[in-house]
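Let's start with one chain on its own, the form predicted alone, as structure tokens.
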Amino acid sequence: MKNYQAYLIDLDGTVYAGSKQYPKAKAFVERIQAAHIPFKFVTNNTTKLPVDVVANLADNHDIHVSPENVYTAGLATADFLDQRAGKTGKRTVYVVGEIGLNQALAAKGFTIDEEHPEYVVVGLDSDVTYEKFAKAILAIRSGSTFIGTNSDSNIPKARGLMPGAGALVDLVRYATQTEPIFVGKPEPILLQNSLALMGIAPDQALMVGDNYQTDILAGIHAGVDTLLTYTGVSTPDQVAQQAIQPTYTVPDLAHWDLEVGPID
């Protein structure tokens, strides 16, 4: 096994499931911290800012990290649109999403335009309404660029697999007959930006996640080795059908040793 110089770690389904604690994942993170290995939580969750993610980890899961250890699809979307707009591009958006996404975009100088935005950004929004969808759809049909934060169909919560951002994006896609530009996993942007922030080459990192269709494919697309833990979305039967297999699979993160890899 490689001596990995950094870890990229998913949250929902990997480190916890909503309010449900994963003690074995907590111990895994603590082993990484004790070994002084750089890591980032790379999450498709756009509803929170890094400081909120840190508070949730500490208060509800007894996992203690800093905001620098968190990179969200909300931040990645804001960084992507910031690069796309450049110095002279229009910085107007209409957002179907929550505070984490809105604040990330505002921090990059984007303002809300409900009628003729340059971009329509659709992410997870637990308070979404028909009117929010209508405004997004009308804007896209009038020429706004359609951005999806991520394509997650479901997210693991204590109640079960709840609708993810991808489910909302698909409604807008169907109503507009327009394909979105995706930013979050399984696209490689989230991982590439995280590795750049840490100064780590892709072949020196390991992506850890529970969802083949997002976490593992993101690693594959970014040229990063992958570790799938069967604690969330994907099942062994589903993964067995995939043409490209994860580099490693484990029942849970207690079965991963930082020096030797998978263990019984």
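Quantities reported herein were computed from a predicted structural model and do not represent experimental measurements. For the two forms, the rigid core is made up of the largest set of C-alpha atoms that agree within 1.5 Å on superposition. Just count from 1 along the sequence shown to find any residue number.
One more form of this protein, predicted in complex with a further copy of the same chain, exists but is not displayed; see below.
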Answer for Gly89 alone: is it within 4.5 Å of a further copy of the same chain in the predicted complex, judged on heavy atom distances? no
Would you check, heavy atoms only and a 4.5 Å threshold, whether Thr111 touches a further copy of the same chain in the predicted complex? no
Look up in the predicted complex whether Glu131 has a non-hydrogen atom within 4.5 angstroms of a further copy of the same chain, and give yes or no. yes
Taking a further copy of the same chain as it sits in the predicted complex, is Gly148 near enough to touch it, meaning that at least one heavy atom pair lies within 4.5 angstroms? no
Is a further copy of the same chain in the predicted complex near all of Gln21, Val54 and Glu68, within 4.5 Å of a heavy atom of each? no
Please determine, with the chain shown alone, which of 69 to 77, 187 to 195, 173 to 181, 103 to 111 has non-hydrogen atoms within 4.5 Å of a further copy of the same chain in the predicted complex. 173 to 181
Those residues of 111 to 150 with a non-hydrogen atom no more than 4.5 Å from a further copy of the same chain in the predicted complex are Leu124, Asp125, Ser126, Val128, Thr129, Tyr130, Glu131, Phe133, Ala134, Lys135, Ile137, Leu138, Arg141
Aligning on the core only, does the CA of Pro156 end up 2 angstroms or more away between this form and the one not shown? yes
Kindly check if the Cα atom of Val183 is displaced 2 angstroms or more between this form and the one not shown relative to the superposed rigid core. no
C-alpha of Ala136 off by 2 Å or more between this form and the one not shown on rigid core: yes
